[in-house]
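Below are two forms of the same protein chain, given as structure tokens: structure 1, then structure 2.
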Structure 1
């Protein structure tokens, strides 16, 4: 995803040259010239056409590549991309921030904050030995007094030794972990499921009611030193299962 930041206006309203080239190519791509897979003009051709330097054309094409609109192959050329795999952006914020941004009040109730022995599955996901201690918290977040999210989270003590000592009625785990151990990478899955009896009770809904479940796993490189040999090994920081009442929560996003 590429930010839609400052509007590239060198002077009053005029687009910067690289932005002109980009806009032209985008319009033509959208307009159907160069069907997916078709060879597009080379940098040299665009240089001639727009009377700009190659670096300028290069930037326009590189950004279009970043946006997934073209594919470039060294020694071969630039091609219109297949428009079928679309990278959408989905903004996931710290829930506290998200609620405050809506002008609502947030509070949370901590139901569990313990240290447990890692099960085999958990150990595998966090990249630690089975039976080693892991932190486990279960927190319910409220928006204006209504339960919005049940956060069931496991944390690798190596990454945040003081995690369990925090007062999670004041700092959300997400925020704390971002500060202590900024993530390098995270994967998530989103699915719909029925509320379990426990979840239903915590969220104040009927058992079996639909929930939006986000499972998020955050990892970092095991060695920040990065020995040149071997693959980049990652270490799990935390795994969170975030359950939301289906009728009170949705994720929003957009493409392009």
Structure 2
């Protein structure tokens, strides 16, 4: 639903520079100036046309891409999207790349990296025997020095045996797991919740403050492990609880 509250509209009708670029391109796309698959003006051309910075143009194009109106190919250019390709997706993205795409800096602090015995509930979620070893990490990710995400993650050692040996101040768990154990299925749970005392401390916010909480579980085929798995054809790779301060993070989808 799109809000029409006046407080959300630009003051006196003024548009931010990136919004002017976005509005122009969107109107031309709707008007058919660039048919699906057509190459659109380059960033340099738009910078010259609107007399704005490259960062401003990049933001306009990113938002159009997020709305499924354009497709961007690094080193090639921006193309009008194919309108018949409509599939709502919530993409698993590496937070480090997401932050860098905004022109910001990312760093992380590892608060826990250990091996534990899987509880009954965790064993069920990951498709492993209760009491078997499971990797557990607790990491806080920062954007421009401000805490953005508290990542509490469990990993099935069968899927990523060297997970616990990684230096997660240099590579995010998401990036590492996507490299060593590609998933075939991902399940999400998204809710608004209050920060616990521990989460609030790690995120530098008040206890009980509103948060966006994403719980994500990924699985892969047991055949990827050379194991038929009997009646269970998939194996849990990881389950992660991702907690974000409500005033610092927005969850975005993508249409492809």
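Bear in mind the structure is a predicted one, so any value in this text is a computation, not a measurement. Positions refer to the first chain, counted from 1. Between two forms, the rigid core is the largest collection of C-alphas that superpose within 1.5 Å.
Peer 1: Determine, for this pair of isolated chain forms, which one is the form predicted together with the DNA.
Peer 2: It is the first structure (the form predicted together with the DNA) rather than the second.
Peer 1: After core superposition, I'd like to know whether residue 62 moves between the two structures (criterion: C-alpha shift of 2 angstroms or more).
Peer 2: Yes, shifts by 2 Å or more.
Peer 1: Taking 2 Å as the cut-off, check whether the CA of residue 26 shifts that much or more between the two structures after a rigid core fit.
Peer 2: Residue 26 C-alpha, core-superposed: shift of 2 Å or more.
Peer 1: Please determine whether the C-alpha atom of residue 204 is displaced by 2 Å or more between the two structures following superposition on the rigid core.
Peer 2: The answer is no, as the C-alpha of residue 204 shifts between the two structures by less than 2 Å after core alignment.
Peer 1: Hey, core superposed, how many Å does residue 53 shift at the CA between the two structures?
Peer 2: In the core superposition between the two structures, the C-alpha of residue 53 moves 47.7 Å.
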